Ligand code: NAP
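Single chain ahead, written as structure tokens, the form predicted on its own.
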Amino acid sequence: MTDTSGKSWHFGLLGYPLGHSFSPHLQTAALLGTGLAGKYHLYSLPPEEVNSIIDLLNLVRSGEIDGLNVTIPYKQVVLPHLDELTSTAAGIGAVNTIFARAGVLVGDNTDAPAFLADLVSKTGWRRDDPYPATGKLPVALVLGAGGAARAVVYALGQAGWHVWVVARRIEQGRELLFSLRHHISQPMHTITFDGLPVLCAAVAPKFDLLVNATPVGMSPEVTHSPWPKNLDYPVNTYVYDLVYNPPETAFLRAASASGLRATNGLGMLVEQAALAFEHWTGRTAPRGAMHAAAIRITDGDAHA
């Protein structure tokens, strides 16, 4: 369906460095799929250009830009310059999507709902699963304690999961859990990577989900894995790698070789972009077209 309003939409991505981002391809596919005219720009701004960032946000406030995606290193930097945060963005303490409503600048985080939606689509898990008869909480092991891990832990905690966070430094893991303590009522624990062998020996039969929320294994370091060498994967565990470039990481290959179900983060990438598009336009995003666009470029050197 072609839009006849004559409006040309203006979206963009704020970050640094941006390299070859997937985002223009996804949002261009969304525009084409909904019959809307518009463009998606990359705003690669060095951190020292703070005034330029404020100017860019003011263009969103005024309506000259209809929406922004935000990536590293600005997901937290932009917070003081926004008027409102959604409950999800406030809980996570970071935004990846910005839009304006009647001149009010709003920040949201679509990473968390996108991760959960993709997990549900891949596993069929529901809010009252997997053991309603026994009351057992599903248990997740999340590798990493950075921004991506924060969104994943928030999503799982809100959905009723018992979460273990594996951090490089115990202080990093504790800070993550402390920042989420008012938003999650389920049990949360943290350990370092050095503690994984002991934890897996004690808890492995209870892990339902293993998530890599680190950048380890991302192109071009495709031979690296966040999982310790000579440590078996937990049994009967679904493995999810937020990395999608390359499509099959060393982490995922080893999981599949161990007989585990495993998936990459491409579905999450598409869903977070689709949710942003819906914020900006009020239209239902054409997820099929956006996913097809992502598939076409997964062999390239890109990131979002």
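Keep in mind the model is a prediction, meaning the values are calculated, not measured. Numbering starts at 1 and follows the sequence shown.
What comes next is about the form predicted in complex with this ligand, which does not appear here.
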Even though the partner isn't displayed, in the model of the complex is Phe99 close enough to this ligand, meaning a heavy atom within 4.5 Å? no
Check Arg169 for me: does it contact this ligand in the model of the complex (non-hydrogen atoms, 4.5 angstroms)? yes
Does the 4.5 Å heavy atom contact test between Val78 and this ligand in the model of the complex come out positive? no
Verify the contact flag for Gln272: yes if a non-hydrogen atom of it lies within 4.5 Å of a non-hydrogen atom of this ligand in the model of the complex, no if not. yes
Report the residue, out of Gly91, Pro234, Gly144, Gly107, that has at least one non-hydrogen atom within 4.5 angstroms of this ligand in the model of the complex. Gly144
The stretch from 264-272, 246-254, 30-38, 51-59 that lies within 4.5 Å of this ligand in the model of the complex, judged by heavy atoms, is 264-272
Would this ligand be touched by all three of Leu137, Trp164 and Ile184 in the model of the complex, meaning a heavy atom each within 4.5 Å? no
Are there residues in 210-224 with a heavy atom within 4.5 Å of this ligand in the model of the complex, and which are they, in order? Ala213, Thr214, Pro215, Val216, Met218
